[in-house]
Every structure is written in structure tokens, then in C-alpha cells.
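Before any questions on how it binds or moves, here is one chain, the form predicted on its own, in C-alpha cells.
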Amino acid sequence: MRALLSFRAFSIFSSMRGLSRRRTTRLTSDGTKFILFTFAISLAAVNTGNNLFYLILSMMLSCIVISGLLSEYCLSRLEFHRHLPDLIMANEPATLTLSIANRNRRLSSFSLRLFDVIGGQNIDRGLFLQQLPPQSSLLLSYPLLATRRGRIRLEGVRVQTLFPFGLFRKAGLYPTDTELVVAPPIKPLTLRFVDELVSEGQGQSLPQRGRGTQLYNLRLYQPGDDSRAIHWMTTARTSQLIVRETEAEDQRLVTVILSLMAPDDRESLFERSVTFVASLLWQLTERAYPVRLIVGNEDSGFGSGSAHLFTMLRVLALCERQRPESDGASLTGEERSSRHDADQGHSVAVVPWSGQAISAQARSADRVLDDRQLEELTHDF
């Protein structure tokens, strides 16, 4: 029995200690005035012995106690869940969604102001709830503008309330540790530059729909299809309108290689190079080119379409610049990943720092964009 009581006391103490770590209480300006006025009333009651002063003092002290209890009840049993996109773009507004649920059975939560916690700092998103009824949930959306690529760690949600009298600002921290991946921004590239960049690649027919002459598929006619694509022989045989789909032609395989080696004084050029690679991949994907991205030891493989593009943008979002060693060696990882066979199409190497080992690493590429060329291409980024 004694061991059971000791265990319960320890559990209560642990929960109270955990609660104290997640709760903070601060006086507001009105609360400071109220506390000073309460102290003055207490002095007057002690000095004069007037029962009216004691009655006023007891009422003011009860207001302080009630304020603490009700504000704690507003913050208790709240649950938060985030709904984040898989990938967002830097310098482009994105919408994040936050779900809040009140698990209290009887009383509502009032006057709730919500903050994102990033790096231990409260970030105001302008989220405010006047009332959240018991056993109810609400979905809140707010914009987010990330200014640079990489990871954004959302540590949690901090909730503040002034309920009921505005004497105290009580805050509670609700951990929701999640990461948001920010891809580099997409900048416009001249069409002529993109055409020249891949003009040396060899065309190849791929098994996918497109404008060509080879037969890809036969399917039923759908409203909006071109009547010139109707396959009349099959239509006559099946008594159903059949449309002929052709196979895409002149698809160019393009491999883009990004070197991660750059000293500290080239950090700005390196970030612009990452943006350039992202913009180039975007343009090539828009043209339905099968594209492959090699960044250090990361290899996306060949693919096309928006899903493959997002995979490559995620690789670019998480890549990190590597400082070159003093002897300029030890780049076997990049050299090994940059070698490619003849069937891998046209290759483009983006090298923000033209060191000796970097030149050896990018030597096998069909087209090398060195730091001088990148300065010109990314000057307006």
C-alpha cells in the first residue's frame, strides 16, 4: 500500500513538473495594476480593520485564483495536427493547415491566440480563436512564405490566452515536431539558351503519348478528340469509334550534374547555381524531356513528369555545399557519380567552383558551365 501511494505521488509530481515546463504565466499591464491595487487594499484592511476592506480583498484574491483556474482549463486537453505539403517553393506563398481539437467535455476554450514555434521563437501567423466549443475541432489555414531553400522545422504550437479577466497571459506549448522541405525558386531562362544547351543530344522514341507517327495505343473515342485521329479500320471492325494515339518522338535524354564543392566565398554563387539547376529541370520537364539529376552521391535516375520533377527538386532542396579540402583531392564520390554511359543522353555539368579536382570530375560531361558562365547566367537571380 505504501509503495502504491509512493508511485501515485511520483506520477502526480512528474505530471506537474511536465506541465510546468509547458506552461508559462505572465502578468499583463492590467494585471500588474490589479495586483498593486490588491496589495493596497490588503494594507488598508490590516491597518483599519474594516470588514468592507476584507470583503473587497477576498473578492480580489478570488478573482486571481479563478483567473488562473479558468485559463488553465482553456489550455488543457487541446490537440493539434499539421497538414503540410510535401514540397514548397522558395519565395512563393504556400498554404499550411492546422487542425485544433478541444477534448474538454463541458466547457469551451476562449480567447486563444496561436503561434508557430520555430527555433524556440514564437512566430505570429495571425491565428486567433474567440471560442472553441467542447468536443469540437476546427481547421485553420494560413500562408507561409519561405525565403530560402532547405528544411523548416516546425517544433510545435504555442497557445496564449487572456481569459477570463485579462490579468494574466498564460501560454501552453504543444509539440508537433515536423519538417517542411523548401525547394529552390524557379527563375525564367531564355528559350534560346535551353535549346542550345540540349541541341547536341540525340533524339529517341519513347513509349509514351505524344506527337509522332508511330502507333502507341488504340482507345475509345472521347468527346473533344480530334476526328482526324479516328482509326477507321478498327472502327469498322468493332462498330465503335476508335482513336489512334501516336508515340512521342525526338525525346532527348538529359543528365544534369551539380557539383557540391565550393569554398565559403562562393556560397552565394553556389545557391544561385542550385536555383539555375532547378529552373533548368523545370524547363526540360515542361518539354517532356526525360531528365536525370546527379548531385554528389544522389542520383534521381531518368524520368519525366511532375512527380519526377518534385523528386529532383527535393534533392536540390536538401543538398549542402561542401568545402574543398586544402589539397584539392578526395572527390571520389562526385567523380564516381558523374561518370555516365553513352546511352545516358546529353550531359550538362554545373560547376560553381572550378578547382582542379572539380575540373577532373566534370571532364566527362558534354557541356560544362563553369563559375564564370554561371556568374553571367545567374546575375539577375
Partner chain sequence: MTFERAFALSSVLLAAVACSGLLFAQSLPLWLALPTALILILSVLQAGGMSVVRRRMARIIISPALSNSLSLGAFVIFLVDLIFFSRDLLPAGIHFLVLLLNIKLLTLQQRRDYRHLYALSLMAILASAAVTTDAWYVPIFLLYLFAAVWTLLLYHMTQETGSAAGAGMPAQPAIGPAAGPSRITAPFLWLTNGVVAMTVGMTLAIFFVIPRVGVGALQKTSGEALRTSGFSERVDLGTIGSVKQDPQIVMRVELPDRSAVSNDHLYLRGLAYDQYNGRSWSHSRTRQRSLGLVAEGIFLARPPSSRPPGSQSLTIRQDILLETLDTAVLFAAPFAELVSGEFLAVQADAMSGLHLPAPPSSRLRYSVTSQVPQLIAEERTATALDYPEAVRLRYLQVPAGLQRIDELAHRVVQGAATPFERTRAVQQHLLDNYRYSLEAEQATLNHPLEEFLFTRKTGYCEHYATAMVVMLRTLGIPARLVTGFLATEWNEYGGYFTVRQRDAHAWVEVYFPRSGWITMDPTPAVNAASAASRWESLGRFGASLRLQWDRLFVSYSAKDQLAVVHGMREGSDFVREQASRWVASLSGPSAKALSRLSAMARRFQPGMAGLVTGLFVVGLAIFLLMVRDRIGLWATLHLPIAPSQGAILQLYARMLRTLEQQGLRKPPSVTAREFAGFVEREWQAAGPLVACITDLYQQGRFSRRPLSQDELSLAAEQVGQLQSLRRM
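Numbering follows the first chain given and starts at 1. Small disclaimer: the values here were computed from a predicted structure and weren't measured. Definition used throughout: the rigid core is the maximal C-alpha set that superposes within 1.5 Å between two forms.
This protein has a second form, the form predicted together with the partner chain, left out of what is shown; the following refers to that one.
A.B. asks: Can you work out which of 35, 27, 318, 59 has a heavy atom no more than 4.5 Å from the partner chain in the model of the complex?
C.D. replies: Checking each option against the partner chain in the model of the complex, the one that comes within 4.5 Å is 59.
A.B. asks: Looking at 151, 81, 237, 287, which has any heavy atom no more than 4.5 Å from the partner chain in the model of the complex?
C.D. replies: Exactly one residue meets the criterion: 81.
A.B. asks: Heavy atom to heavy atom, is residue 87 within 4.5 Å of the partner chain in the model of the complex?
C.D. replies: Answer no; every heavy atom of residue 87 is more than 4.5 Å from the partner chain in the model of the complex.
A.B. asks: If we define contact as a non-hydrogen atom of the residue within 4.5 angstroms of the partner, is residue 308 a contact of the partner chain in the model of the complex?
C.D. replies: Residue 308 lies outside the contact set for the partner chain.
A.B. asks: Can residue 163 be called a contact residue for the partner chain in the model of the complex at 4.5 Å between heavy atoms?
C.D. replies: Flag for residue 163 set to yes.
A.B. asks: In the model of the complex, is there a heavy atom of the partner chain that lies within 4.5 Å of any heavy atom of residue 218, even though the partner is absent here?
C.D. replies: Close contact is absent here: in the model of the complex, residue 218 is far from the partner chain, nothing within 4.5 Å, heavy atoms only.
A.B. asks: Which one, 227-235, 185-193, 95-103, 260-268, holds residues whose non-hydrogen atoms are within 4.5 Å of the partner chain in the model of the complex?
C.D. replies: Heavy-atom contact with the partner occurs in 95-103.
A.B. asks: Residue by residue through 43-76, which ones have a non-hydrogen atom no more than 4.5 angstroms from the partner chain in the model of the complex?
C.D. replies: Sequence-ordered list: 46, 47, 48, 49, 50, 51, 52, 53, 54, 55, 56, 57, 58, 59, 60, 61, 62, 63, 65, 66, 69, 70.
A.B. asks: After a rigid core superposition, would you say the CA of residue 319 moves by 2 angstroms or more between this form and the one not shown, or not?
C.D. replies: Moves: no, less than 2 Å.
A.B. asks: Comparing between this form and the one not shown on the rigid core: C-alpha of residue 69 shifted by 2 Å or more?
C.D. replies: Shift of 2 Å or more: no.
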